[in-house]
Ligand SMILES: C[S@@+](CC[C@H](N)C(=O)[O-])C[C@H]1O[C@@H](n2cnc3c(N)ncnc32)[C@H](O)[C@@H]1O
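First, one chain by itself in structure tokens, the form predicted on its own.
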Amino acid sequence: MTGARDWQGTVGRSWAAEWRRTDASFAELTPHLLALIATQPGECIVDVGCGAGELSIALADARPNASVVGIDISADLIDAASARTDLPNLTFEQADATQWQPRQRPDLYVSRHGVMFFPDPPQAFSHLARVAAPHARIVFSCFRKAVDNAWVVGLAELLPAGDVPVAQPFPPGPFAFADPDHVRRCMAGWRDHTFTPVDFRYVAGQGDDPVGEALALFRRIGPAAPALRDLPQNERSGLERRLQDLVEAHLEGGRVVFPAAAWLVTASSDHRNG
């Protein structure tokens, strides 16, 4: 499981260092998300779990008359996002979305894979609805089932068996929002949910050395990264060889790509009273 503490520590630092590769990995999903966001009104937009800021920057550029705020719990990611742009209608803030108090009530929340890590999702979504403008909207993407995302299945199969996680009613993590019924239960304060499936290719590596790019990504990001960091040298060497075999098996047309599956989710706030 990946929680807030991880994003404030090693995970957040890794994503901040690898933002070019992580943005590239979502290159075939992001246009679908932006197209759906474009159908939604909004003049005060908040990007929840903004990461290194790609979505925030795209929205601020597309809507110069809107105010866009990107929030993330990781100081490293906020630093990376802030260094990428000087758009006058865009700001980034280090903040915990479960407690954040906006200076102006948002009328549109967006997120690219940034809302699956709340320790108490009903509390978090209820809070976001409560501090929003009446009739606010939310649009976000999240992974569907792990079995439908070949990159994570392939990486998990390379790893030694781990401990069985302790059962939690709302366990955070990349695939925490795979089940629409569970998402509805999580989204206290929101109604009229829609779920649109999107199949895309997760781009792990491209450019002059796509295999090397994919290896560099998976050494820092994803389920193999902790093992490569923590395993003894003799076990780590074997994992490196298996990882290279996996990456080379998915080299296609000059890119390393894996089948991937996401939901695009929309909902409306129940908050109406100003």
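Note that residue numbering follows the sequence shown and begins at 1. Given the structure is predicted, the values throughout are model-derived calculations rather than measurements.
One more form of this protein should be noted, the form predicted together with the named molecule, which is absent from this view; the next part is about it.
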query	finding
Which of 132 to 140, 148 to 156, 107 to 115, 185 to 193 sits within 4.5 Å of the named molecule in the predicted complex, heavy atom basis	107 to 115
Partner-contacting position among A224, I45, C50, A214 - heavy atom within 4.5 Å of the named molecule in the predicted complex	C50
Distance check, D179 to the named molecule in the predicted complex, heavy atom within 4.5 Å	no
Partner proximity in the predicted complex: S126 to the named molecule, non-hydrogen atom cutoff 4.5 Å	no
Close approach of W263 to the named molecule in the predicted complex, 4.5 Å, heavy atom	no
4.5 Å heavy atom contact, T98 and the named molecule in the predicted complex	yes
